[in-house]
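Form predicted alone, single chain, as structure tokens, below.
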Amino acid sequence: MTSIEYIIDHSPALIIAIPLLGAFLTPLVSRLGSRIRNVFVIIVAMLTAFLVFLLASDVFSDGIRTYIFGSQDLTTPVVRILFEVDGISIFMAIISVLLSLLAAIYSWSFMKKYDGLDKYYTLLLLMTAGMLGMELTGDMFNFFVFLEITSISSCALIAFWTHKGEAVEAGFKYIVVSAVGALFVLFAVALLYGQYNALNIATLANTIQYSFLDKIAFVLLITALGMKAGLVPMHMWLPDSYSQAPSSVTLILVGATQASLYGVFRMCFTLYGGVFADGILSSMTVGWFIVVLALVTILIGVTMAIIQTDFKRLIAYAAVAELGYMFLGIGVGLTAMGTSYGKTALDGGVFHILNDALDVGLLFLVAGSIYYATKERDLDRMGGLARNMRYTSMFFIIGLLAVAGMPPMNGFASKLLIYESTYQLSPILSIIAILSSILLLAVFVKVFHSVFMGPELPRFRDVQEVPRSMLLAMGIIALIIIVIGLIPGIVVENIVQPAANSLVNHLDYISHVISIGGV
């Protein structure tokens, strides 16, 4: 076995262990100086990203990879945990680790003036480990544990600016919602374990009977994860948290939100995908319910964005709308399960997860850059910044075109797949989704005019462009957005479709664990 093969074999464990170890070492490294600490955190994030991409190349080429914690002898009656990495889990891990790395780079200058950065970077790495654990684990209880790690570290980062009452309030609101969601998940796990004496997702999916208790567990899981993902009407925490957290935190918080969305995927398509029957909780009924909630989420997100004057809060409501498009893809995929357009909808929903993370993430970094340079977030008090912040202005244009789904940006490709499949289910639904994107474009064009165009205000005459580390983070995202927009077919064929196929072909996930005796 070569060294690369050895690393790939153990990469599922290393992907979690490295950021966890880095989190615990960060306070010690901080004693050597802030620059050394920052370099250390970025190296940890880069090493984790390298392992994720290495594992992704293996999974996309050779299929599912399983890693066993504990005794390798599966005949012995000991406790063991399985990580099962398939297309959708490694796809989500790529998004999470990319956002974490960019957040660390952006934080170098953005957070430099604040105290307590050893705690800040520790929480950032803990949050990274939590998200990756949620996406790679094949065990329901461990999914709950990693969900809690993500939630607690996210709460502390949201409220990091403790001198701001709004930030503390947002953190409190987030932890309350997270606690309720975690209790729902834990109760659902208990119901499943009590019936089947198993916690492994594949084992449960292979034996689940879709009893009354199983349906209760399903409702609890989807409610909790939908709440954590920001689905209307359970989105009340998202605008506050996204707008009050430091922009570098908001970027990675987008990844945490999508990790909960991954949980919705996993429960709907893998755990319960083989047992949906006719009746009140059939796949079609659940699918239509998600479609309706998705449309409401889109409409509320867009209409609330229109009336906002706070820059980051406006982007936060736009993020709510974008979550609606992802859920629309999931809903149509469930409603039309087994049809070609249902598969197209699922491809579009999965593709839009990646695009949303990049597009919304870039807009939040731009908003952070504006705040860094001007200490201002009120759109009515800004103007003429394009004269002194040319690169930031350019990045905002790229972000607004991508979020609105305008060609040739990446958002156009994923939204087109969603529009096309939704139209085959119901033309009215597709028209509503398209009109909402047009409204979103109008909102951001207005923002661009308010912030960057118009006469230069006297108090912003000495404003300068943000430091290079912040420009680098925004530039990397902008470059990825443009590349994906120019070659969407390659991305869909090599990354998106394998991820979506892993959900549709849930029996492959189950049989892989059963074949190694991981029951």
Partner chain sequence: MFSIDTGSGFWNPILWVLVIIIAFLMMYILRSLGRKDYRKTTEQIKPFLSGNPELEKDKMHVRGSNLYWGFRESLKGFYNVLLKLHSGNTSDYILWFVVIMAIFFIIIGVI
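None of the values given here were measured: they were computed from a predicted structure. Positions refer to the first chain, counted from 1.
The protein also exists as the form predicted together with the partner chain; that form is not presented, and the subsequent description refers to it.
Requested in this report: Indicate whether the partner chain has at least one heavy atom within 4.5 Å of a heavy atom of Gly383 in the model of the complex.
Outcome: Because a heavy atom of Gly383 falls inside 4.5 Å of the partner chain in the model of the complex, the answer is yes.
Can Leu99 be called a contact residue for the partner chain in the model of the complex at 4.5 Å between heavy atoms?
The answer is no: Leu99 has no heavy atom within 4.5 Å of the partner chain.
Look up in the model of the complex whether Leu417 has a non-hydrogen atom within 4.5 angstroms of the partner chain, and give yes or no. Output for Leu417 is yes: heavy atoms within 4.5 Å of the partner chain.
query = Would Lys173 show up as a contact with the partner chain in the model of the complex if we use heavy atoms at 4.5 Å?
reply = It does: once the partner chain is placed as it appears in the model of the complex, Lys173 has a heavy atom within 4.5 Å of it.
Query raised in the report: Exactly one of Tyr262, Phe269, Phe91, Phe218 has a non-hydrogen atom within 4.5 Å of the partner chain in the model of the complex; which residue is it?
Result: If I apply the 4.5 Å criterion carefully, the residue I get is Phe218.
Interface stretch in the model of the complex with the partner chain - options 99-107, 359-367, 236-244, 251-259, non-hydrogen atom within 4.5 Å:
This holds for exactly one stretch, 236-244.
message = Need the contact residues for 461-479: heavy atom within 4.5 Å of the partner chain in the model of the complex, sequence order, or none if there are none.
response = Contacts from 461-479: just Arg461.
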